[in-house]
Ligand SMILES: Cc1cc2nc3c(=O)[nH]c(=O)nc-3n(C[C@H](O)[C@H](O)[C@H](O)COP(=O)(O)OP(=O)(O)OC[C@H]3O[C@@H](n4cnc5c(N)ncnc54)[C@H](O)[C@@H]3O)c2cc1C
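Coming up is one lone chain in structure tokens, specifically the form predicted on its own.
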């Protein structure tokens, strides 16, 4: 196996250590930015292509009192430091562009990690092309089905099914007749009802020159768990995959369109009908993961790899910002040699109980809706 160390691409600055980040979604990019600001050379490995699409909106909280410079930077990249719903694609693009500015960050897309490990002197990632990349520490930011979590917490490797799902649909405003488009003072987020689970509508500004907005609906649905199991989305208590529009049975699409008409007002009923007709609706089984640990030696977890709260808490992304900024603060002490394990212990001590409380805060809702 070819072994490749991370090298210093910025010869003008002293290198404080090296890091591998598995996953270049939002948490991975934020971690890369935070670590690079502390002087680490970072390689971020992502199996997907660059610029992957995503239509979801995320709740982003404004800057907190006493937040670090890194945390404020990440919140500014996400939403300009404001309290708002922001498109996933906008956040990802801003973070990716910021990461590319750093001479300390090496972004590698279409790169699959098949194994991670460590010894007394370094951690490493084995790639499916035969490469082995070494670094002082390794961070798992590879989502709710994290490979790195299986290494850090083999006794509890999987997020579990919460007992209900969310249907997500969106469309561009210009696809609606002018008379059905929301007014200029339409609230960014509206609760539409609570029949068979909560329904929300959202209106999100697009960052293009059209002046149009993106409309979304989110329906927490506890009535189709049997469908998820029949289609292999859930096995036992483990979520295997989400349900794309192309895989939703025709009868279910008809039911969604009919229910949208009876349950929701405009323009959100039209959003669901449009998505059902065009098979762009997504069905996502809700997952939860309460961590028992975040660190094993010189390997650590952040974001959805570390904690998976029910989305009703609206806190997952904001906690991931704090994960990344505190991880950066801890590594500012240096990570070379045995310091890597010391700083990750510090990170875990500052984050574990907080994220456990966050996930548990949504479980009462899950019990009432999904596991009554």
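Numbering follows the first chain given and starts at 1. Just so it is clear, the model here is predicted, and its values are computed rather than measured.
Same protein, other form: the form predicted in complex with this ligand, not shown, and the subject of what follows.
* To do: Sort through 182, 245, 143, 297 and report the residue having a heavy atom within 4.5 Å of this ligand in the predicted bound form.
  => Residue within 4.5 Å of the partner: 143.
* **Heavy atom within 4.5 Å of this ligand in the predicted bound form - residue from 45, 322, 330, 335** => Contact with this ligand in the predicted bound form is made by 45 alone.
* **Stretch from 248-256, 173-181, 107-115, 208-216 whose residues place a heavy atom within 4.5 Å of this ligand in the predicted bound form** => Of the options given, it is 107-115.
* Asked: For this chain shown on its own, do 25, 304 and 314 all sit within 4.5 Å of this ligand in the predicted bound form, going by heavy atoms?
  -> Contact check passed for all of 25, 304 and 314.
* Interface membership of residue 166, this ligand in the predicted bound form, 4.5 Å heavy atom rule -> Residue 166 belongs to the contact set for this ligand.
* Is there a heavy atom of residue 284 no more than 4.5 Å from a heavy atom of this ligand in the predicted bound form? -> Yes.
* **Any non-hydrogen atom of residue 88 within 4.5 angstroms of this ligand in the predicted bound form** => Residue 88 belongs to the contact set for this ligand.
* Contact flag, residue 64 vs this ligand in the predicted bound form, heavy atom cut 4.5 Å -> Residue 64: no contact with this ligand in the predicted bound form.
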